[in-house]
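Listed next as structure tokens is one chain, alone, in the form predicted on its own.
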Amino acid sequence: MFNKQRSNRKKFKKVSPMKKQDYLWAYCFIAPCFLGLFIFNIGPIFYTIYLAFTEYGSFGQKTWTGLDNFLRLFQDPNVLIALKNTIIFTGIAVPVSIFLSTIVAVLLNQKIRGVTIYRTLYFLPVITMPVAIGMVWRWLYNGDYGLINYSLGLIGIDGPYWLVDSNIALYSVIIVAIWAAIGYNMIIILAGLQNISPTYYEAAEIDGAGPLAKFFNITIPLITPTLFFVTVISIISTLQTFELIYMMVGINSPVTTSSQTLVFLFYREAFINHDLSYGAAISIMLFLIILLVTIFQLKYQKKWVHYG
């Protein structure tokens, strides 16, 4: 009984005025951050969800329409094209970029002369604005005076119109996305490689293991947590691809429709066609896709990721 009263006394212990003042100052310090988070992140999320269930009028008036915008998604052929392009984009860009990044990271993890310069050169695309990358590659891909077709012409090959041909425009952008992602992925994988203890390799060498055996039996298993992290962020990032397609293909190109992704379709509907409600429905669909893919990865990571 005495212990119970003592416990209750502790539970309802009064806070001293000085402690209250400390709490007040703490809340004052975090208030600007919380306010910014609510205004620029949390608030727009709830507003987007609300917009998806309405019809946005010409003068900003909103009429509740229920699930009409979501039903429209299933009848819109552009959504099917954009969804297919997004899947193709992610299905090619993510595994190829991670594969190449792993190779580059392993090579740059060796004690070679000028390794810092090589690492810097590979990382340069990461600190370059995607818009600038898109503009440069648009010139390189130009069918008439681009550097790529000029180089092909020197060996007698007529290069295609990379960004105007509907059969290859999307794949031309994917190549650039892979090139731009290698530097960022390489740095993360390199950090994972440098956390591997050299004693594993020394023990393997004593047992007579060659370079390939050490790579597949030591390096790859021990960097699977890093590869898993890179895979998750790469898929999320690639599913939201917009800048490269906007800058390289453009909004008025004859191949825009056949090359657009879901984010690009959202941009067209929301800001070109001024159908904010339908654009909000597209963004919610993309959010659900990213959520499901991420949950799937987190659930099945135990089958191939080794944390031991």
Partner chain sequence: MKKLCFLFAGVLLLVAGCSQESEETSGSESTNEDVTLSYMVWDLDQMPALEQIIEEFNTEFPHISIELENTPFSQYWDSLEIAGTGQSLPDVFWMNGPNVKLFAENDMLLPISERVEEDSYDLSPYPEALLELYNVNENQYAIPKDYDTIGLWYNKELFDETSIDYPDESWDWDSLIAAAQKLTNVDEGVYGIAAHLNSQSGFYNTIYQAGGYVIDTENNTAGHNTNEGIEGIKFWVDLIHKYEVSPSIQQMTDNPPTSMFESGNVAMFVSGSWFAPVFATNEYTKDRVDVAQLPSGKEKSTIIHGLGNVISSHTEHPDEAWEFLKFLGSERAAEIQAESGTVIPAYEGIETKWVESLPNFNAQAFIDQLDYAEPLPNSLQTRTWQQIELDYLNKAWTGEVEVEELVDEMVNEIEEILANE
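From a predicted model like this one, the values you see are computed outputs, not experimental measurements. Positions refer to the first chain, counted from 1.
FYI, the form predicted together with the partner chain isn't displayed, but the following is about it.
Remark: all three candidate residues (Y161, P254 and R268) come within 4.5 Å of the partner chain in the model of the complex, counting heavy atoms only. Across the options 278-286, 24-32, 235-243, 63-71, residues that bring heavy atoms within 4.5 Å of the partner chain in the model of the complex belong to 24-32. F59 belongs to the set of residues with a heavy atom inside 4.5 Å of the partner chain in the model of the complex. Proximity of T219 to the partner chain in the model of the complex: non-hydrogen atoms within 4.5 Å are absent; the residue sits far from the partner. Although the partner is absent here, Y141 sits close enough that one of its heavy atoms falls within 4.5 Å of the partner chain in the model of the complex. Taking non-hydrogen atoms only, I272 approaches the partner chain to within 4.5 angstroms in the model of the complex. Applying a 4.5 Å heavy atom cutoff to the partner chain in the model of the complex picks out no residue from 107-129.
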